[in-house]
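First, one chain by itself in structure tokens, the form predicted on its own.
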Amino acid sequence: MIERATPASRRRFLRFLAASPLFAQDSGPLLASPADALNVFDFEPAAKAKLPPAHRGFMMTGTDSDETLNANREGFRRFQLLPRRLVDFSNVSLSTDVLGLPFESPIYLCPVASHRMYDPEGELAVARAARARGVEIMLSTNTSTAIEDVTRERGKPVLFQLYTAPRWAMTERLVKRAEDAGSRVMAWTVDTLGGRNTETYNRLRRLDTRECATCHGKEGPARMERRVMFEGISLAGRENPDPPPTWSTIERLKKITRMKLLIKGIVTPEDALLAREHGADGIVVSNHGGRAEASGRGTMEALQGIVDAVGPQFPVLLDGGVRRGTDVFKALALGARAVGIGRPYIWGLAAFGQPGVDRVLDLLNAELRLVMRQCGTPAIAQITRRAVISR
């Protein structure tokens, strides 16, 4: 027997279509300039229009049928704001402190690989935008620009995101290079260690008729020796990799660096507690923007339970699906110390270079200031769970 569609089921189906990167339809003409954007979503179709299929697919992809990617957005809709009235909001400040570092805004730029895939100036354009807007950068191990050059353009040390290498000696050299560049915080990404199935990327890559050598050289995009952070590092022995990392790797990393260590990719209270027990200085609640696993669960759905488990003194950051100032506010209200964005600033970069990233940051910071005024919380420290309610 065929089940009759209900209004609720039709709404769920339409939301699925609207969220799907393969079936989403762009509304209206493409942006002529960054100033025309009313929100960060306006940059997505402009970015897609400028990118070749493989690069577009890498930007868009989640895992399997993108359920987790879509769940990240849905997670924010499960929480509603509780506006307050007649509070003096004449002086709204976005400044905060994360792991002992002053942040001019709680919004930071997530590590995204190979920015030059999206714009010739790549990470340098992003660094200049971050400097102009007072936003912190977490730089990927797979950056297409050396950390030293990005740090110079940013005007201060960046946060460093670490992928452990096949051999421990390589990892040690990566960590030392980041520390020598001035980085004071390192985020070790652990959510892709088990592999992933990036279907959207693989489907669109089939449509790309270009030779990979056009962008990546004759060895292709995956060759470690072509990654700028591995310059000068001996890759001998990588064909016989060390055993996979375990929780004890946290202690091992702590012994070789003075940087504060975040564990990035935590989505359960149990793992958050283990990270704390093994000496991590904090965690990032993250599923790699929906690219790490096919759990179908958004990071906002995980955040509250994790914060409750580790307590308010243990730093917890969040990324995944953040598109609005209200998203940032909701995450802060549930206990996140800072909130990362990934795809939105890449959309801006791909569409317009640095001016696009500038505008994305302006929009999100402006939206966050607005909702802080609406909810009667002119300072980041005043944002608590009293400002939100779950559906």
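Heads up: residue numbers just count along the shown sequence, starting at 1. Small disclaimer: the values here were computed from a predicted structure and weren't measured.
Beyond the structure shown, there is the form predicted in complex with a small molecule, which is absent from this document and is the topic of what follows.
Of the residues Met59, Leu363, Leu334, Ala46, just one reaches the small molecule in the model of the complex with a heavy atom at 4.5 Å or closer; this is Met59. This chain appears without its partner; in the model of the complex, the one residue of Thr96, Thr257, Thr198, Thr189 with a heavy atom within 4.5 Å of the small molecule is Thr189.
Only one of 307 to 315, 171 to 179, 280 to 288, 124 to 132 places residue heavy atoms within 4.5 angstroms of the small molecule in the model of the complex, namely 280 to 288. In the model of the complex, the small molecule lies farther than 4.5 Å from every heavy atom of Gly325. Looking at Asp319, you'd find a heavy atom of it within 4.5 angstroms of the small molecule in the model of the complex. In the model of the complex, at least one heavy atom of Pro111 sits within 4.5 Å of the small molecule. Within this chain, Lys264 lines the site of the small molecule in the model of the complex, having a heavy atom no more than 4.5 Å away.
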